[in-house]
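Have a look below at one chain only, the form predicted alone, in structure tokens format.
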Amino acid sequence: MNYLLTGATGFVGKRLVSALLSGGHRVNYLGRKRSPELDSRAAFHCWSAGEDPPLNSVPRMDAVIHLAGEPIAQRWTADARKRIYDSRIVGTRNLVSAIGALKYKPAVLVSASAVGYYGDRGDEILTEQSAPGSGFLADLCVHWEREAFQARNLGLRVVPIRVAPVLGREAGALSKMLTPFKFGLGGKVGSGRQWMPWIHIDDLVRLFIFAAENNDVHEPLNGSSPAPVTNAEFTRAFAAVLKRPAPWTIPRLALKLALGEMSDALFDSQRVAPAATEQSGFRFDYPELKAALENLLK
């Protein structure tokens, strides 16, 4: 298949480019500049997300995987909120607009979303059929998916993937935690009772490809392990694999001072279940946290 990717230079995107090329697919990617970190077999096409991408320069494509977006993990100042919003909402709108102008359109758009769609929901089990929550991240995801679904009007199959915090050694949530935990400075966040969805990077990459290639998938999928854990359980498992103590409790006030309003997301409880993902036939290689951590840390 001939794939077009946005966000190819990010943590997930780089792994996805490698997996697609290893699978014998052709890869084109959109970005502000060519990345020296990507395999040279991936063809670069310049795009600023504030404009319609130059899709007429891209060879006829079968599938588009849309990952591009301003990082969420930063202080949510007014300017940062606008960048986060525009990079996803306006960027997706411009991408769909450019697809609409093509004579030969791809068959499918697989668009990243996030489990932030569900907001803070306590112990409620959240499947793909659950209603959206409230708050900045929930509203962002609702509008993000809405823009992606506009491609249905062009005849494309559209699959948003609501991505949980991604576990990978080189980047993502795990890499930020690794150093303090190695020095015995790790600990639970607040009470630790909040549910914490997660997914191994390899499973997420496989899920994006699965969604692109499985013609029976037409609705959102939860990109989250079938075994969510509480923050306290995650902390214990992480510390055990590293063979380090993690006796501390990180108070809300400390995180608020360090991260501002963005810190509230660390206290959101999301007990996410990938019901539609598993019903579609996808199987996780790392459904359990201990095995996932051991694979990544040993």
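Quick note: we count residues from 1 along the sequence shown, nothing fancier. What you are looking at is a predicted structure, and each value in this text was computed from that prediction instead of being measured.
The discussion below concerns the form predicted in complex with a small molecule, not included here.
*Asks:* Considering the small molecule in the model of the complex, find the one stretch among 269-277, 227-235, 248-256, 64-72 with heavy atoms no farther than 4.5 Å from it.
*Replies:* Heavy-atom contact with the partner occurs in 64-72.
*Asks:* Are all three residues G7, F11 and V166 in contact with the small molecule in the model of the complex, where contact means a non-hydrogen atom within 4.5 Å?
*Replies:* Every residue of the spot touches the small molecule in the model of the complex.
*Asks:* In the model of the complex, which of the listed residues (V158, M196, A211, A114) lies with a heavy atom within 4.5 Å of the small molecule?
*Replies:* Only one option qualifies, and that one is A114.
*Asks:* Out of R60, R32, R41, K243, which one falls within 4.5 Å of the small molecule in the model of the complex, going by heavy atoms?
*Replies:* Only one option qualifies, and that one is R32.
*Asks:* Does any heavy atom of S87 come within 4.5 Å of a heavy atom of the small molecule in the model of the complex?
*Replies:* Yes, S87 is a contact residue.
*Asks:* Although the small molecule is absent from this view, report whether W144 comes within 4.5 Å of it in the model of the complex, heavy atoms only.
*Replies:* It does: once the small molecule is placed as it appears in the model of the complex, W144 has a heavy atom within 4.5 Å of it.
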